[in-house]
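Shown next as structure tokens: one chain only, the form predicted on its own.
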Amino acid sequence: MADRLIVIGGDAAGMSAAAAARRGDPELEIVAFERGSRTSYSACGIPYFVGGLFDDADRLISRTPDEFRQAGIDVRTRTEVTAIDLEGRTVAVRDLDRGSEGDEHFDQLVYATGAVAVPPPVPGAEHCEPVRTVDEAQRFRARLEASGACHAVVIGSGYIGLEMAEALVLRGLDVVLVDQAEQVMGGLDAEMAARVQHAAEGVGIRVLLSTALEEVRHHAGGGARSVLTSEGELHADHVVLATGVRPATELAAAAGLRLGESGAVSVDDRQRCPGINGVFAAGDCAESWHRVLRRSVNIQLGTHANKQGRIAGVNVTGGDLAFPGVIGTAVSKICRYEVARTGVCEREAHEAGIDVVCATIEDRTRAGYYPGSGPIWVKLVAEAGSGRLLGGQIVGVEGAAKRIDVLAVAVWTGVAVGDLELFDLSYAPPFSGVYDPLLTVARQTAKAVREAG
């Protein structure tokens, strides 16, 4: 076993690795370096904090640095790793408060640097602070509350962009959502995404698609003034950039760690970096094996990061756990609708050269006579010929989205839609009609597979 483990990154993957390693070897010296001031926080909860659904930002923290220290993990916040020497087994670190620098030895290393925001390459965008960390969220909310301003522009219409746009509407702002894509939520097929867009517009968000960002303009003393787009200039007291993130791999690449085609760190199913003994990578900076596409991908979700981190920590201390891969299961609440997906959508299947058959149904989330029943749309993507379920998408009112977990299990295990239509799913009027929408859409998809074959 290792004498000293260094973990680079103090969020989901890094601290899951540190905690698992501590459980695996109570005598192991563990040092975790985190550039920020907090560890193990829920970035997914930031839009809800910004929107005022709760006021205490500390509720986003799963475990504080002091809690980890009490467990025997030497957490050093506000400390940045600036270089990794794989041959010498050292990392160069800088104390961001004192400015001091030094080298730290490691026997084993977990690289868990996460992902970084990618600002669009237009003038002024570099002056817009991301809202990805708790500190950034607190500063942004303070500006919202202090300014009394009423106009905001959100750039990017993925999960985070839509959630932030809704949060700003809850704050009473006039919000414009801008994206150069032809639809919101690129992980959905167009007809499903259109329903999400309708929900956003229903709460007053103005959605501008196929619209290029050209410049973010600021006042002379700082602060946003307007956003220039291909459709004209938009007044903006606040600008939120939600144009995506990329794996934070600069340190890894400089050290000689192998990067995959996705741009993330290449790992095997034990989270080991190939060809380098005792070095692991996990979380948003690492690749994962996609069980449907049959290739390595970089999907940045906290669910994966926590699992990969735990697996890395177990294996650091002599265990033998394997990460079995991903299928891209995700869920969100966008205005009045819950939105979910798993596996591949129709567009992704076509891009991968997979011949598929699809079906979409509209149904009700509960028995039609039961109070609170509302619309749900479900789309399934099945492999032509075999009928194997490859993906699913759900949009609907309360009670819709968590049905995606049934579809995720079916995709994960390779169930055919003909079998799915006969699954023994639960029934009671407060939860569904006698035929759950999943059974109905599975029947329609199975019929389409037979007709296509």
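Please read these numbers as outputs of a predicted model, since none were measured by experiment. Residue positions are given as counts along the sequence shown, with the first one as 1.
If you look for the form predicted together with a further copy of the same chain, you will not find it shown, but the lines that follow are about it.
Contact between V326 and a further copy of the same chain in the predicted complex is found at the 4.5 Å heavy atom cutoff. Shown alone here, H304 lies within 4.5 Å of a further copy of the same chain in the predicted complex, counting heavy atoms only. Residue contact with a further copy of the same chain in the predicted complex: R22 places no heavy atom within 4.5 Å of it. When contacts are judged by a 4.5 Å heavy atom cut-off, G368 counts as touching a further copy of the same chain in the predicted complex. When a further copy of the same chain is considered in the predicted complex, only one residue from A322, A254, A220, A142 comes within 4.5 Å through any heavy atom, namely A322.
Residue in contact with a further copy of the same chain in the predicted complex (any heavy atom within 4.5 Å), chosen from L28, V50, V31, L60: L60. The candidate site formed by R310, R403 and A428 is fully in contact with a further copy of the same chain in the predicted complex, as each residue has a non-hydrogen atom within 4.5 angstroms of it. Of the stretches 31-39, 380-388, 411-419, 66-74, only 411-419 has residues with a heavy atom within 4.5 Å of a further copy of the same chain in the predicted complex.
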